[in-house]
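We begin with a single chain expressed as structure tokens, specifically the form predicted on its own.
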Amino acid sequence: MVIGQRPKGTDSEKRVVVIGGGTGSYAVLRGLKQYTSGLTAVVTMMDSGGSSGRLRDELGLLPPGDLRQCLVALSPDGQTTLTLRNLFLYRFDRGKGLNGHSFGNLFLSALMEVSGDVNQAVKIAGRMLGIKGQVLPVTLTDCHLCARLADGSVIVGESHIDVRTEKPQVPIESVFLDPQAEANLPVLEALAQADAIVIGPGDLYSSVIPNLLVRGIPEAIKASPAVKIYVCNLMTKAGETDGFTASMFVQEIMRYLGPGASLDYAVVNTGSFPAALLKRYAEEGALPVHPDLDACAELVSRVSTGDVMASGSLLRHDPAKLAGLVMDLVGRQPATLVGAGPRPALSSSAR
């Protein structure tokens, strides 16, 4: 198929590409799979810590962590314990060699070894899990994420950027890949055929923007006729986005997309934060992202707002609330759940 050429047919399902990683993509995908099976999750394989980092160091394989999370997000939700989905979520908590590893990471690593093809390994895992859509690494290049700080020093490794212990008070000036990476061809095809591209939410410099550092990805996003939506984070992150407002997140995404880039929509939370949770997050240096809507409205065609927070002990996006808002933007009209009645009501406004 020629990149940029959409297949003909009468299939009315929306093709949505979600770019990011971590818990942000997990929430978006869990919500969107209720509306369409035409989903593509695009994530990096650059972890340098935890189970994924250990597998990378010990086996020389690309780290599978974000792939595992997205595969689980797109798999059918079930209540039974003996399912492959729940096995993928299982993490060993004792012993020396296995302690800290998740079964899903080990399984994906084994598939990569046996198949010798990362794309094929992820496709097999997705088929076994019965996922809606597909999960793709943004690049197959073995590269490291690096951050250049405002004082000129450089931090190497996704985990060291994610949890800043080195000069946490010095702002990040830019991030880059070493070596430069080439785009995974199926990702370019998915972007060219997409009806919508959703960027974020997720850790800005260690999860979302690394996808935009891969050669060919910014160009493919800008060339795509898809509706382009940015989902802003709920909270800032110490050592990464201290003091950031919503418009600053949008500006950074556009900066890494490069000259001529534009975003159609931004989704910004305007819900109230539970005081008890805020206190705990503040102790870690995380604060609510200020929704400077007027500044955002100068950068995108429309800012959609609403309470998109989940209830619970962690400040996270609610999959159902967020997906309803995103699908309204994707279709530019009220979306309808696949095989269900009208979507849940959501209080929102648009500027």
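Residues carry their position along the shown sequence, with the first being 1. Just so we're clear, the structure is a prediction, and the values are computed from it rather than from any experiment.
Beyond the structure shown, there is the form predicted in complex with a further copy of the same chain, which is absent from this document and is the topic of what follows.
Student: Among 277-285, 103-111, 173-181, 239-247, mark the stretch whose residues have heavy atoms within 4.5 Å of a further copy of the same chain in the predicted bound form.
Tutor: It is 103-111 that comes within 4.5 Å of the partner.
Student: Using a 4.5 Å heavy atom cut-off, state whether D151 contacts a further copy of the same chain in the predicted bound form.
Tutor: It does not: once a further copy of the same chain is placed as it appears in the predicted bound form, D151 has no heavy atom within 4.5 Å of it.
Student: Examine L59 and determine whether its closest non-hydrogen atom to a further copy of the same chain in the predicted bound form is within 4.5 angstroms.
Tutor: Contact check for L59: yes, within 4.5 Å of a further copy of the same chain in the predicted bound form.
Student: Determine whether any heavy atom of N86 comes within 4.5 Å of a heavy atom of a further copy of the same chain in the predicted bound form, and answer yes or no.
Tutor: Contact check for N86: yes, within 4.5 Å of a further copy of the same chain in the predicted bound form.
Student: Hey, in the predicted bound form, is P259 touching a further copy of the same chain, heavy atoms inside 4.5 Å?
Tutor: No, P259 stays farther than 4.5 Å from a further copy of the same chain in the predicted bound form.
Student: Looking at Q251, S115, S272, S159, which is the one with a non-hydrogen atom within 4.5 Å of a further copy of the same chain in the predicted bound form?
Tutor: Exactly one listed residue reaches within 4.5 Å, namely S115.
Student: What is the one choice in L185, M128, V163, A223 with a heavy atom within 4.5 Å of a further copy of the same chain in the predicted bound form?
Tutor: Of L185, M128, V163, A223, the residue with a heavy atom within 4.5 Å of a further copy of the same chain in the predicted bound form is M128.
Student: Answer yes or no: in the predicted bound form, does a further copy of the same chain come within 4.5 Å of a heavy atom in every one of L315, L329 and G331?
Tutor: Judged in the predicted bound form, none of L315, L329 and G331 sits within 4.5 Å of a further copy of the same chain.
Student: Do any residues of 282-315 have a non-hydrogen atom within 4.5 angstroms of a further copy of the same chain in the predicted bound form? If so, which ones, in sequence order?
Tutor: Heavy-atom contacts to a further copy of the same chain in the predicted bound form: nothing from 282-315.
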